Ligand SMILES: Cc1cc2nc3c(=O)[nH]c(=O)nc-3n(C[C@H](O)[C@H](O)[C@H](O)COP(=O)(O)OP(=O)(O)OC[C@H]3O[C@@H](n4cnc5c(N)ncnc54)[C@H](O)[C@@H]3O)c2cc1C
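Take a look at this single chain in structure tokens; it is the form predicted alone.
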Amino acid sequence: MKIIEQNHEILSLPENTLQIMEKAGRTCYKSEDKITNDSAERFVNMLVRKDHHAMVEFSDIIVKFITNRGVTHELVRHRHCSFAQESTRYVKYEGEMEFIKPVWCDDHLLGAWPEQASDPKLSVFPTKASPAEQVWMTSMEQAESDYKVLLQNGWKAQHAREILPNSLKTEIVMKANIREWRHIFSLRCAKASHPQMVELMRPLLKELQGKIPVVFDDLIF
């Protein structure tokens, strides 16, 4: 068993994102003659500030997330996105299984841990692990052990997955246009969102604010 942290990676963000949105927007007004080498940022800023968000649909961003399956259950509810997710039907976890550390747990849980002892009370835990953290780790160890027993007894991966927990690490590639990403951030970065989701989405928002601030810098949490 190995406990890891969730993270994100931007796979695609076109360098001419602002120019594409400007070209689309100026088509509405037939003002293409006003396009200059530095006009895109000012024009897109105007679109965003006036809530003319239809134009910011003309550029997509693709992101790969490594997180837990509970989080991805929420992500795939965003219907205006495309998804490609690691499949528990076809991926057989025969080696070391990975689980995502809950963000409310301390970092001393990170790393690889021995197989569960025959007596759960004998399992090795970090010396600083709280009783609740020990319960979670024991549960993850048990899920990994039971999953492998089911495989050894002839169950296929798509059958054995029935006992896998929400904390199981998964990878998901997600594509959406910028308007939809703004909507996602407005929901998933908010204080009322699940803590694991917030800790996944806010770093992505911060990175995008650094790359194309004109379309994201008004989203503050």
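Throughout, we count residues from 1 along the sequence that is shown. Note that the structure is predicted; figures quoted are calculated from it, not measured.
The protein also exists as the form predicted together with the named molecule; that form is not presented, and the subsequent description refers to it.
- None of the heavy atoms of residue 49 is located within 4.5 Å of the named molecule in the predicted complex.
- Using a 4.5 Å cutoff between non-hydrogen atoms, residue 180 counts as a contact of the named molecule in the predicted complex.
- With a 4.5 Å cutoff on heavy atoms, residue 148 does not count as touching the named molecule in the predicted complex; it lies far away.
- Contact annotation: residue 92 falls outside 4.5 Å of the named molecule in the predicted complex, judged by heavy atom distances.
- Residues placing heavy atoms within 4.5 Å of the named molecule in the predicted complex fall in a single listed stretch, namely 187-195, out of 153-161, 62-70, 23-31, 187-195.
- For the partner-free chain shown, nothing in 16-40 comes within 4.5 angstroms of the named molecule in the predicted complex, judged by any non-hydrogen atom.
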